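Only one chain comes next, encoded as structure tokens, the form predicted alone.
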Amino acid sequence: MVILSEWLAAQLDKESAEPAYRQLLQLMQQAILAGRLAPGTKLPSSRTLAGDLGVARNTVLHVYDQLSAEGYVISTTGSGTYVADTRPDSVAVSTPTPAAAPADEDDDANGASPRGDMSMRGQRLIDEAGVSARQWGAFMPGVPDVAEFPARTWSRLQARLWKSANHGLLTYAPGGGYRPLRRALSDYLRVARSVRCTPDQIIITTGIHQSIDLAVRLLADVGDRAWVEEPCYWGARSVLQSSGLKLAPIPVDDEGLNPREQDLRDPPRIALVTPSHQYPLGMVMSLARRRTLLEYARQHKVWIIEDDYDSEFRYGSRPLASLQGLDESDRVIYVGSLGKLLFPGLRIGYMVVPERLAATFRTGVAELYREGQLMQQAVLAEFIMDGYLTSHVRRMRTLYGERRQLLIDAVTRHFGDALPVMGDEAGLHFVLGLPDHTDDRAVAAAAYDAGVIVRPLAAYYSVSQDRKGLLTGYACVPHEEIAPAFATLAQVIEEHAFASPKKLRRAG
């Protein structure tokens, strides 16, 4: 015991801000785990150890009590305190059989080994991740201008709700979410997006990712096929792949999703589409294609997930009606988010499901995610019902339209018609086309280093890239910053896309 006391005394730092009790507890835990104190070793009495260390006896008593509570020691009345045997079960750590032996080190190093830290689907998710370290600035696509959000109005509504001290808003959300918000959203969606729904059909989620995840978990099994547009949003693709679905990329053309004959011969369980504003290319699915897809889904029991992510922002024409509004067979799951309309950090989205599935989805979202944020949902309900959402969207549509035109003008000044602008009729971004020989990933990386954020179109293809370009956002860029920021981007493009660094301009 003298050796233990001497070791503890040498380790104990009485000048430290860390209390002696916590230091002593951690030291004794380390000694037991490291084998310095073997199983069955009798510890000195609390009085003896306290005297050797020069600490209060109560300090040692508290340490012994905590060690006993955590299973490090066993105390017996009249006998003393002994180190417990906490060594791992020899059966649990026995030598693996040859069949379970580790793979070659090289396999583990390159991530191919199923015995590595990551699962195979986890490693694929990380390898193909599209998330950016920066989420704001020129020309980040898909991000609204949060500086223009009416924060004072939101704060006033929130303060009023907190003042009422409704304790029901501080607990878990009921299945489906806050009912007044669901009612407000159903009214809004019927008018703004021609969605046919009742409040009971709306499920509140944290956004489009969670909506897709919930739909896949409830409607598909591991190994089922899923159609995705080619190209498509990388985030949605990641959700589907991580759920164990087999993805079938379906090409798009000027009329939207264009399945080939071989695609039609093997119906999927899920079809994920962006019919009102294809992401990322921007085309609109024609009425003929919409009706064909809906009929195909009816005949083959395909679930269509309609991702309607930013259709409120159209320039020069009214927003197009939803695909769900045409669905007579209840095969469409409509998903949307308030993030692009208000601010991304809100993390409130919604899905509209067929009536026969509403109870199932309410149970599913509550069982899997234990939703909360009722106070935020209540504020949002007031924000919508008082008309603030409609007026904010109207104002931002004008603002974003102006910024879109400023950016298009900047493209024209630098490149004339040498680089096409695609998908600019709606949304918060357009695709700036690049020459076919250009490595758009390299351009995006170089632009990032120069302080400008764009996304390479290559990141949205899963099979073969037939167009080169950059997703270029304008919504979160103040008017006066668009021209200088694009001048920086233009220089990067010229260095990578053209043999000569000389700028291409229109004559005169």
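Keep in mind it's a predicted model, so treat the numbers as computed, not measured. Quick note: we count residues from 1 along the sequence shown, nothing fancier.
Absent from the display: the form predicted in complex with a small molecule. The rest refers to it.
Annotation: in the predicted complex, residues A220, R269 and Y296 none come within 4.5 Å of the small molecule through any heavy atom. For the options H209, R190, R397, R225, the one in contact with the small molecule in the predicted complex, meaning a heavy atom within 4.5 Å, is H209.
None of K246, R413, H392, R347 but one reaches within 4.5 angstroms of the small molecule in the predicted complex through a heavy atom, and that residue is R347.
Using a 4.5 Å cutoff between non-hydrogen atoms, E306 does not count as a contact of the small molecule in the predicted complex.
Among residues of the shown chain, S337 is one whose heavy atoms approach the small molecule to within 4.5 Å in the predicted complex. In the predicted complex, the small molecule sits within 4.5 Å of a heavy atom of Y233.
Although the partner is absent from this view, Y72 stays clear of the small molecule in the predicted complex, with no non-hydrogen atom inside 4.5 angstroms. Of the candidate stretches 159-167, 432-440, 307-315, 398-406, only 307-315 has residues whose heavy atoms lie within 4.5 Å of the small molecule in the predicted complex.
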